[in-house]
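Given next, in structure tokens, is a single chain: the form predicted on its own.
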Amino acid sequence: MSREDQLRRRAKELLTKEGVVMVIGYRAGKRPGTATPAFVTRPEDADVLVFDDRCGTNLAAYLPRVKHRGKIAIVAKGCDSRSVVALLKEKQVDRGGLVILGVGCDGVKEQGRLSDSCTTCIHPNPVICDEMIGEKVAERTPAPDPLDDFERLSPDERWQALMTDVSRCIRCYACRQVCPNCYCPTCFVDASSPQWVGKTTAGSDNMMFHLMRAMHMAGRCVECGSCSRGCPMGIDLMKFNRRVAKVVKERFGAVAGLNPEELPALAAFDPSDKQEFIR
């Protein structure tokens, strides 16, 4: 039995016999070579489910929005499962109301080539799941850290490089909408009292938005790359997230989405934390 057949059969069982009200997975997209999230609520619809290298959307982003419906099953590759862990740690989903169908991931393809975020992935298999659909995949040798070139620049050159990137932002907020970590009822960018950040596409407003968002992701981003893939302007938003994740790992020894028992890095205090920045 193929992995897709196994997935469809299991989805039907969950919907008919095990109290699951919805299976979140993928279906073929309208454009060739694409896949889109699928929300299957009837056993007879489970045959639309697919899983292959087209399936890039991080499905964990939908859990906070549908959890009120009842018991949910979700198809989770490595990064999706890490986002589920992050949501569990932040008490945004109830583990008892969740069935995690793990799938090994050989990487997401975009226009025939491996997505940038997948080139450095070292967790292609789910870190948490109730059952595996198909076999685990072999771990890949990650590509060199794409931050290396950026970090060799001087501070002024880094700032200019980031300004050049964010100046193209049109503030569509696609990066926010596809992110599993963005579940706040009112995003800071939409707040009007106080207004934390300007809403224009001027360079300073754009930079403030992306810097504040990057800080919001500190210790939480699993580097799935959904934000970069979702950006219609092709901005490398992972540059922000990778840098913040690297700092969190260096300073706190924490990697997002691996251990559901650990407090989020910025929600815990250790007297031995480095504090040399306090002067």
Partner chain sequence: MTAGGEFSPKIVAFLCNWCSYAGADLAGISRIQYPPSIRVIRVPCSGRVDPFYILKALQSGADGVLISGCHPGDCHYLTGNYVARRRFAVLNDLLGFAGIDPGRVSFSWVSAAEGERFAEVVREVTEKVRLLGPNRKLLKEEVA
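Positions refer to the first chain, counted from 1. Being a predicted model, the structure only gives us computed values, none of them experimental.
The same protein also has a form predicted together with its partner chain, omitted here; what follows describes it.
- Here the chain stands by itself, but in the predicted complex one stretch of 120-128, 196-204, 179-187, 137-145, 196-204, has heavy atoms within 4.5 Å of its partner chain.
- Under a 4.5 angstroms non-hydrogen atom cutoff, its partner chain in the predicted complex has Arg158 among its neighbouring residues.
- Contact check for Ile24: every heavy atom lies farther than 4.5 Å from its partner chain in the predicted complex.
- Among heavy atoms of Met212, some come within 4.5 Å of its partner chain in the predicted complex.
- Leu258 falls outside the set of residues with a heavy atom inside 4.5 Å of its partner chain in the predicted complex.
- With the partner omitted here, the residue from Val66, Val48, Val247, Met233 that has a non-hydrogen atom within 4.5 angstroms of its partner chain in the predicted complex is Val247.
- Applying a 4.5 Å heavy atom cutoff to its partner chain in the predicted complex picks out no residue from 91-109.
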